[in-house]
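One chain follows as structure tokens, the form predicted on its own.
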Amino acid sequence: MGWLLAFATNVQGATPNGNLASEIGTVDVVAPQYKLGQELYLENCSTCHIALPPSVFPTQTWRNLIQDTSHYGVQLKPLIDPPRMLVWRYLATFSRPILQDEQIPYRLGSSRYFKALHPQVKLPNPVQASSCVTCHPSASEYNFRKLTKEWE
């Protein structure tokens, strides 16, 4: 029942009956069946860089990234099942499909989803995951809802 209440939580953190829910740092509320996949994703990705919410890239980008052991020029130990499938279920559920005839983006600056999540933001070129903390001071803790005073 708790996860159902979490789905009903609005952006301000209040439930429909007015009670405050705990702060949600990610872009999406994560239901219990995806929590382990999210934890494994964070465990594997945030050791080297800021882990990005799945919504910043389309599903096809995540599929390719999770299958490729050469990750932006760094050789990675591949995830094997069952952790790989749990991470994939999390990423596939919280990302979006790519449009037909759209190129698969592998950089934040070329992702239309990333751009759509940042309207009216003058983004650096190139966009680096490390620059997220400029506007999202808790990004290294996977909290992208907390913004600097300038953007609140």
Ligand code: HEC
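Quick caveat: nothing in here was measured; it's all calculated off a predicted structure. Just count from 1 along the sequence shown to find any residue number.
The same protein also has a form predicted together with the ligand, omitted here; what follows describes it.
Colleague: With heavy atoms only and a cut-off of 4.5 Å, decide whether W62 touches the ligand in the predicted bound form.
Modeller: Looking in the predicted bound form, residue contacts with the ligand include W62, since a heavy atom lies within 4.5 Å.
Colleague: Using heavy atoms and a 4.5 Å limit, would one call P97 a contact residue for the ligand in the predicted bound form?
Modeller: So P97 does not count as contacting the ligand.
Colleague: Looking in the predicted bound form, any heavy atom of V74 within 4.5 Å of the ligand?
Modeller: Looking in the predicted bound form, residue contacts with the ligand include V74, since a heavy atom lies within 4.5 Å.
Colleague: Within a 4.5 Å heavy atom cut-off, is R107 in contact with the ligand in the predicted bound form?
Modeller: Residue-level check for R107: yes, a contact with the ligand.
Colleague: In the predicted bound form, does each residue in the set Y34, I80 and M85 place a non-hydrogen atom within 4.5 angstroms of the ligand?
Modeller: The answer is no: none of the three residues contacts the partner (heavy atom, 4.5 Å cut-off).
Colleague: If you look in the predicted bound form, which residues in 45 to 70 sit within 4.5 Å of the ligand (heavy atoms)?
Modeller: Heavy-atom contacts within 4.5 Å come from C45, T47, C48, H49, L52, P53, S55, V56, F57, W62, L65, I66.
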